[in-house]
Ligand SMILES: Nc1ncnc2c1ncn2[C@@H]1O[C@H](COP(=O)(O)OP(=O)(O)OP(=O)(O)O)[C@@H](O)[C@H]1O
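In the form predicted on its own, a lone chain appears below as C-alpha cells.
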C-alpha cells in the first residue's frame, strides 16, 4: 500500500533524521515505529502524507508515485493521520461539528451524519460529548475526538502518532481493542510496548 524508496530528510538547522530510508507497508499490515525522541518518526509520517517533502527519495501509494499536492489528495482521502500535537488537528467549535465536517464533505446526509457520529463517539467512549466545546476538553479527550473524526471517514489506512498520549488506562484499553479489531493498514508511532504488542505484526526501531 505504501512504499518509500531511499528517503532522506534534513531540517534547516542541519539535523539529519532520515538517510536513504526504505519502507514497504502491505495492505492490512499493522506496524509500530519506536525509538528515541527526534529520531525521525513523526517526520516520516509527514513525508508519507505529503506534509513534508524529502530532499531525496520517492513516496509511492497504491503503486503510484506521489510528488505534487494533487498526487497526495487521493492518498489523504484514503488515509487517516492522527497528529502528535492534537491541538493542530481540531478546528471546529464542537465535537459534533468536528466529526460532521469530514462526513459532510463525503456527501453524507444529516441523518447519516447524526447516526455515524453517535456510533463513533460510543465506540471511543465519548457518548454524550456531541455538544462539548473542543478547546475545553482534556488532552486525552481531544485525542479521542480527533481519532473519532478520522474513524468516521472509514479510511483504508491509519497513521497514528503517539495515539495513547494523555489517555487514561481505560481509554488506552478501549483504543487497543478498536485497533486490534480493525481490518486496516495501520502504522503506529508509540513508546508503549504493552499497548502496541497485541495490535502489530512487526516493529521498526529507529
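Numbering follows the first chain given and starts at 1. Treat the numbers as computed from the prediction; the structure is a model and nothing was measured.
FYI, the form predicted in complex with the named molecule isn't displayed, but the following is about it.
>> If we define contact as a non-hydrogen atom of the residue within 4.5 angstroms of the partner, is residue 19 a contact of the named molecule in the model of the complex?
In response: No - in the model of the complex, heavy atoms of residue 19 and the named molecule never come within 4.5 Å of each other.
> Does the named molecule come within 4.5 Å of any heavy atom of residue 143 in the model of the complex?
Replying inline: Residue 143: no contact with the named molecule in the model of the complex.
> Looking at the partner-bound form in the model of the complex, is residue 191 within 4.5 Å of the named molecule by any heavy atom?
Replying inline: Because a heavy atom of residue 191 falls inside 4.5 Å of the named molecule in the model of the complex, the answer is yes.
> Can residue 164 be called a contact residue for the named molecule in the model of the complex at 4.5 Å between heavy atoms?
Replying inline: Outside the cut-off, so no.
>> Please pick out the stretch from 133 to 141, 168 to 176, 34 to 42, 66 to 74 that is in contact with the named molecule in the model of the complex, where contact means heavy atoms within 4.5 Å.
In response: It is the stretch 34 to 42.
> Which pick from 84, 123, 94, 89 sits with a heavy atom within 4.5 Å of the named molecule in the model of the complex?
Replying inline: In short, 84.
>> With the partner left out here, which residues of 8 to 32 have a non-hydrogen atom within 4.5 Å of the named molecule in the model of the complex?
In response: In sequence order, 11, 13, 15, 17 come within 4.5 Å of the partner.
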